[in-house]
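The chain below stands alone and is given in structure tokens; this is the form predicted on its own.
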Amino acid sequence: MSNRDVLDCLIIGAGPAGLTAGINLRRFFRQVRIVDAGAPRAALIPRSHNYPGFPEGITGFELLDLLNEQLVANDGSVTPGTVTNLQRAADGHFIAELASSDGQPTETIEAQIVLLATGVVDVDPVLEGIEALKEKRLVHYCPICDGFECTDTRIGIVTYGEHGVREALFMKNYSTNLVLVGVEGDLGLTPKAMAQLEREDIEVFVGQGRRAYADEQGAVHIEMTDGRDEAFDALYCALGTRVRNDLAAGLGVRHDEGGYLVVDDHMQTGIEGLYAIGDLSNRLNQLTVATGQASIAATAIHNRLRR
């Protein structure tokens, strides 16, 4: 199946960034397609209390539903599928190949401009039960988003390496009852880093992790293979992220040492007509940052098409 009509803009990714960009571009009367593989990171948010306009907080699912509703109200929609290949044609247009969830090719899309909003994937510990906890929204990934709600509670931070020390020091703004948890048999820390944790009175719990589970009171437990079991009021995973930059890498887009795409003030990459927004281009993985970048990119794209 092939669609040779040339779009104004193809948006890849339907998280808050991609949906906001789609809403703005439809309000500019631009011909837009949004393609999404169906696993937005925002869906993992248990309840965000730092998204403006929702004093009682809003879950990731609720926010995505509202954005999709607004997109539909502006005659937009999301096409389920995965972009398996993205190339640039001789005339400067972009050619994207789509596949269904089972990997079967479905169609080819041609667009003048492509906006990447593919985000990042959180790295989870290898622990039995971690997926079940995520489904219950009991695993936190962002201390900026959720730290305030965990004030003065016992917080476990599953991590490895120096990043975990920085995360723990940041979390001390909210609670002094912190435990750095290593479940790989090692935390990968230097003696200097361990001494810093001791000075900051941050507990360390290390061993070979076996499983994670929640008890009837809502506490989250980490159980080690030697039988030790530690309970926490809140569990943070601080093992970093993997940037979904495969499509951009195939086009030779520049990125930094962490894999984040390099963009200009209008959110355009070094390739003319290729834009990137949200977690894909910014280490500060915040909803408000992503939606703000979406508005900047959408306006720049509209003005580019006018010219």
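Model, not experiment: these values are computed from the prediction. Sequential numbering from 1, following the sequence displayed.
FYI, the form predicted in complex with a small molecule isn't displayed, but the following is about it.
Within 4.5 Å of some heavy atom of the small molecule in the predicted complex lies at least one heavy atom of Gly15.
At least one heavy atom of Gln286 is located within 4.5 Å of the small molecule in the predicted complex. Interface residue remark: Thr118 is counted as part of the site for the small molecule in the predicted complex, having a heavy atom within 4.5 Å. Using a 4.5 angstroms limit between non-hydrogen atoms, Val32 is distant from the small molecule in the predicted complex. For the small molecule in the predicted complex, the listed stretch (86-94, 137-145, 220-228, 204-212) containing residues with heavy atoms inside 4.5 Å is 137-145. With the partner omitted here, the residue from Thr108, Ser175, Gln196, Thr82 that has a non-hydrogen atom within 4.5 angstroms of the small molecule in the predicted complex is Thr82. Out of the listed residues Glu200, Asp233, Glu162, Asp122, Asp122 is the one that sits within 4.5 Å of the small molecule in the predicted complex by at least one heavy atom.
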